[in-house]
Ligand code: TIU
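Coming up is one lone chain in structure tokens, specifically the form predicted on its own.
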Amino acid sequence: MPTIAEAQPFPFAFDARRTALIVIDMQRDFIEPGGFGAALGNDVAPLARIVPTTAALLHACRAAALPIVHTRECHRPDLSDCPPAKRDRGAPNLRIGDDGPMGRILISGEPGAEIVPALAPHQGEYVIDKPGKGAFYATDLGLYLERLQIRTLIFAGVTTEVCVQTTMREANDRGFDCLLAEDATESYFPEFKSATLAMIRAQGAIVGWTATTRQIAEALKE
């Protein structure tokens, strides 16, 4: 059984035959200038910097024949699945559904809602459009993983403290063992990422484990 001896807070063993990779929301609207992330006043450069690392993780998981799940946070064109509390918060220069440089912000089917080209899903990989922060909410992700008899989930994507952490906590509550690739996830706020990594692995991996992409890739070769 593959084991990551350097994982935190202690070694992580898993059955690769029952493991899947979930890549959270690596979308143009969050990662590229002019999208929703930038509209909220954020510097998107830190998120863009993890694209090569996430690509390396995808390559390793594909080589090991793991099921791959990609998620996109986006909404129906009529915004019927976007509550006002989500759309109206704060004072961004663009809100969900507004016209932006890559089409309507976070709307399904618009260019900005698509996954960045370097991480584009391969044929046969599962793509989920999710209206919430967690990938299990209002989607069939749970049923999909159950059909495949998956018990372990490897996570990458953005942002660490919001959609990634929310999905990991949802998965933990459903009995999955969760492993986050530390260098294939990012936040607009470095301190938020650091705090989230600490929270995930606190109290004996209360939510899950963390490891580097290199460590995960090496374990998948075992």
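Heads up: residue numbers just count along the shown sequence, starting at 1. What you see is a predicted model, and the numbers here were worked out from it, not measured in a lab.
What comes next is about the form predicted in complex with this ligand, which is not displayed.
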Site check F30, V162 and Y188: each within 4.5 Å of this ligand in the model of the complex by heavy atom: yes
Can you tell me whether L179 touches this ligand? I mean in the model of the complex, with a 4.5 angstroms heavy atom cut-off. no
Quick check on F36: any heavy atom within 4.5 Å of this ligand in the model of the complex? yes
Going by a heavy atom distance of 4.5 Å, is V158 a contact of this ligand in the model of the complex? yes
Can L40 be called a contact residue for this ligand in the model of the complex at 4.5 Å between heavy atoms? yes
For the interface check, one of 49-57, 193-201, 22-30, 168-176 should have non-hydrogen atoms within 4.5 Å of this ligand in the model of the complex; which one? 22-30
So which bits of 53-78 sit within 4.5 Å of this ligand in the model of the complex, heavy atoms only? E73
